[in-house]
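What follows is one chain in structure tokens, specifically the form predicted alone.
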């Protein structure tokens, strides 16, 4: 049974047994992945999965159920199970469905360009990345992983208030990890390109770039403990901002787990920082016209010149605060518990090239990578401590590579002392939503190194 026919069977049966408010949410996901190491296939996946959830509401309570089978019997079971689960719920915070007639952003549908490339050609892309890295320099001793993956997600939502909408999003990523050795030391670097289309992805260039950057880190040493002026590469700024993004959830704010509670309309970051959410951003894999409740997404200022402009809301948190929902409540999979998050987060760029920023700073440290992103930071306090590596900056230029250091600070305090922003945006590895940020120059932070450095 097709999804639309299944939805009709579900809704007809729900109405027949007396339900007045209900919602069907469905997702169809396609994922492809190939990974090669030492010319041998390490991983191959070509998988499709689909399913839906049904939510029944009565007297403010809700019950949910799930299925991956679309037929008449499953339609009845889906509704009956949700009603049974509803009877077990006891809550003082009534659930909701979206009952407006919204206008959604006109977002181009993903055109499945990755799926039009043959499997053989995709495998050759991955092999050519590995070859280009290995052949670029004799000091490249191994490529632990050369990979290509892409995905497509089709989302459908319909409810008893007459809402019915769907969209398709997707894209892919190719990348490589290269390991360099000078006979004494080994260093590795990963390089990747992400986008909604393969047109701008050059496997040979990616392999050569990964190899070159791995070679740059050979001979890295630690530095003495101290306070240093720091430039964070754009990808590192995006990773650090992960702590800030979690603070924006109105649910976290209302539950007392956000450092931003009570600071709406106040200056929380440097006036040099403006953060925008853009649900329709060029080349993003995460463009979406509505969230998993059917609430329209929209472009909005999160932080404007350092001032906090809005929290991110689902329908419940919005009702508690007496504001409209912001379209930021998402299921990653149809069975997953939904969470409040962004679609595409973009830190507006500044006016400095990296070379100009380095020259203005003169001496200090450039951090190009951090470790422990999900374990070294506290989103409630804003404090973090991460392992890091990068380069010593001397005479306004990148100098010696640096490793075995740790950076520690409070995120909000650190981002209140910004000296400059780069003019080029860098995309970061896609964890659930898109993130773009420029290089950023910070006055100084604490760096722990080695007393023997």
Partner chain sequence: MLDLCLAKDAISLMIENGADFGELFFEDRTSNSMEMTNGSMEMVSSGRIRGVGLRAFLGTNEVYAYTNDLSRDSILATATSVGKALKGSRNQVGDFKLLASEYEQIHRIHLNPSHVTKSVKAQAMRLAHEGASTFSELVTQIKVLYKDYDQIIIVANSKGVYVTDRRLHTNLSVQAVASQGSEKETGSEGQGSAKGIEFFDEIDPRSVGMEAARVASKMILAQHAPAGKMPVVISNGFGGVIFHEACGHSLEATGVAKGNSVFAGKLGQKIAADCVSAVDDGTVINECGSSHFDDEGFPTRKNLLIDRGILKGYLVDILGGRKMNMEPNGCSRRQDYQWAPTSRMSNTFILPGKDIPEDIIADTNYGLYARKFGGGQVMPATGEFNFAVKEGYLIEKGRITKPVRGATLIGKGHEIMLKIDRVGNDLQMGNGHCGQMSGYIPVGLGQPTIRVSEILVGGRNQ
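The model shown is predicted, which means the values in this text are computed figures rather than measured ones. Basically, rigid core = biggest C-alpha set you can superpose within 1.5 Å across the two forms. Residue numbers count along the first chain shown, from 1.
Heads up, the form predicted together with the partner chain isn't pictured, but that's what we're talking about next.
A.B. asks: Using a 4.5 Å heavy atom cut-off, which of 359 to 367, 301 to 309, 335 to 343, 158 to 166 contacts the partner chain in the predicted complex?
C.D. replies: After filtering at 4.5 Å, what remains is 335 to 343.
A.B. asks: Considering non-hydrogen atoms and a 4.5 Å limit, which listed residue (383, 128, 149, 113) is close to the partner chain in the predicted complex?
C.D. replies: So the residue touching the partner chain in the predicted complex, by this definition, is 383.
A.B. asks: Which residue, 197, 280, 378, 246, has a heavy atom that falls within 4.5 Å of the partner chain in the predicted complex?
C.D. replies: Looking at 197, 280, 378, 246 one by one, just 378 meets the 4.5 Å heavy-atom criterion.
A.B. asks: Within 4.5 Å, heavy atoms only: does residue 144 come near the partner chain in the predicted complex?
C.D. replies: Contact with the partner chain, yes.
A.B. asks: Evaluate residue 399 for contact with the partner chain in the predicted complex, applying a 4.5 angstroms cut-off between non-hydrogen atoms, and reply yes or no.
C.D. replies: Answer no; every heavy atom of residue 399 is more than 4.5 Å from the partner chain in the predicted complex.
A.B. asks: Report yes if any heavy atom of residue 421 sits within 4.5 Å of a heavy atom of the partner chain in the predicted complex; otherwise report no.
C.D. replies: Result no; residue 421 lies far from the partner chain in the predicted complex.
A.B. asks: Indicate whether residue 137 is a 4.5 Å heavy atom neighbour of the partner chain in the predicted complex.
C.D. replies: No, residue 137 sits far enough from the partner chain in the predicted complex that none of its heavy atoms falls within 4.5 Å.
A.B. asks: Where, within 35 to 61, is there a heavy atom within 4.5 Å of the partner chain in the predicted complex? Residue list please.
C.D. replies: Going through 35 to 61 in order - heavy atoms within 4.5 Å of the partner chain in the predicted complex - the hits are 37, 38, 40, 41, 42, 43, 44, 45, 46, 47, 48, 49, 50.
A.B. asks: After the core is overlaid between the shown form and the other one, has the C-alpha of residue 361 moved by 2 angstroms or more?
C.D. replies: Comparing the forms between the shown form and the other one, which are aligned on their rigid core, residue 361 does not shift its C-alpha by 2 Å or more.
A.B. asks: Classify residue 76 as shifted (yes) or not shifted (no) between the shown form and the other one, where shifted means its C-alpha moves by 2 Å or more with the rigid core superposed.
C.D. replies: Residue 76 C-alpha, core-superposed: shift of 2 Å or more.
A.B. asks: Could you check whether the CA atom of residue 86 moves 2 Å or more between the shown form and the other one, using the rigid core for the fit?
C.D. replies: Yes: residue 86 shifts by at least 2 Å between the shown form and the other one.
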